[in-house]
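Just the one chain here, the form predicted alone, laid out as structure tokens.
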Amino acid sequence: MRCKASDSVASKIRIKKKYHLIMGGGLTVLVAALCLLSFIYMPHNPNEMNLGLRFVGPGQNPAFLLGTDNFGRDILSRIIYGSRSVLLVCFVAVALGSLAGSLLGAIAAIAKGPLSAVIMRSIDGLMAFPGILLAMMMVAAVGKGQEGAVAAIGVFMIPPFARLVYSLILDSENLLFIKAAKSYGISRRRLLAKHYLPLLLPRLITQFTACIGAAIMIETSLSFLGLGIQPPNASWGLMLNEARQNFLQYPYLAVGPGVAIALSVLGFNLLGDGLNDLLIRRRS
């Protein structure tokens, strides 16, 4: 009876994880399609102002499905264009942060000794700062705009990847094929590329996917504070900041970008959760 109960619970968990993967993949594809659409077609120029069409509500004008903002700009076009800014900044930043963090973690795990201590204590120092505070410090050093946002998010992503790679390499040192490879005296570079990397890749993929959701939150927060994407360019966080001034009279201004942020973060988080279960279970 206990075996049947445990099998039933495990089956329900697998089904739940499968739904996470499907739902997360669907939302991620939707956001990616929105980003690709911004390069092909948009209903209106996202930065074109028309003061005669200010605060047109959703459904009031067929040409503006989600309405217009306080400058008469089409909200739907700005959401579509904003997806390009958000996703490109986040993907580039997470890619740079994951590469730097993974290299630092691998060097610390393989080299050991004083070099390992210096690297990991530096990583611990970065982790001591709250995420948004660290991002604001980097933007203050680099400057506002896309470059500053990429640098801020990239530095923020270094510690989680470094800690992940460092711990995974240390945990796998007791595996028999790793010991056998070391006994043959192969170089550290070949050991990392041929033996450690296949072990690390599934976890790195899931970590990368989950970090995209966190990066979206940081980028939109920076834009909301005026430190990220600068006007008149469209960004979801910047749109929320602009909607804040007229939110009580025109609440629809915040609905579109708010829903876009929520669905994007939810999609990448669910996708990372589903991929983690799929890849780890396949490995085992």
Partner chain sequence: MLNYLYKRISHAVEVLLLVSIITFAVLMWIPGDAAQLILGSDATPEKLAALRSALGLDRPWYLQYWDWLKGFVSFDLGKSYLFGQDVSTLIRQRLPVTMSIAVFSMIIATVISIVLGILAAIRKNTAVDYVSTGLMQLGSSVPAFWIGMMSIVYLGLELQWFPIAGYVPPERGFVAYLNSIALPSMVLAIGEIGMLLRTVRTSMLDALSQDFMDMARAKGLSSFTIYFKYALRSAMIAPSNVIGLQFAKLVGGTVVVESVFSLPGIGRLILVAVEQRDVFLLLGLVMFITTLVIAIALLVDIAVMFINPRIRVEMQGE
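Quick caveat: nothing in here was measured; it's all calculated off a predicted structure. Residue numbers count along the first chain shown, from 1.
Although not depicted, the form predicted in complex with its partner chain is the subject of the following passage.
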Any of the heavy atoms of Lys182 lying within 4.5 Å of its partner chain in the predicted complex? no
Touches its partner chain in the predicted complex: Leu176 (any heavy atom, 4.5 Å): no
Is there a non-hydrogen atom of Phe71 within 4.5 angstroms of a non-hydrogen atom of its partner chain in the predicted complex? no
Look up in the predicted complex whether Leu170 has a non-hydrogen atom within 4.5 angstroms of its partner chain, and give yes or no. no
The unique member of Leu197, Ala100, Leu115, Met137 whose heavy atoms fall within 4.5 Å of its partner chain in the predicted complex: Met137
Taking Gly145, Phe208 and Ile212 as a possible spot, do all three reach its partner chain in the predicted complex with a heavy atom inside 4.5 Å? no
Tell me, please, which stretch of 103-111, 129-137, 82-90, 198-206 lies within 4.5 angstroms of its partner chain in the predicted complex when heavy atoms are compared? 129-137
Interface residues of 235-251 toward its partner chain, as seen in the predicted complex [heavy atoms, 4.5 Å]: Leu240, Ala243, Arg244, Phe247, Leu248, Pro251
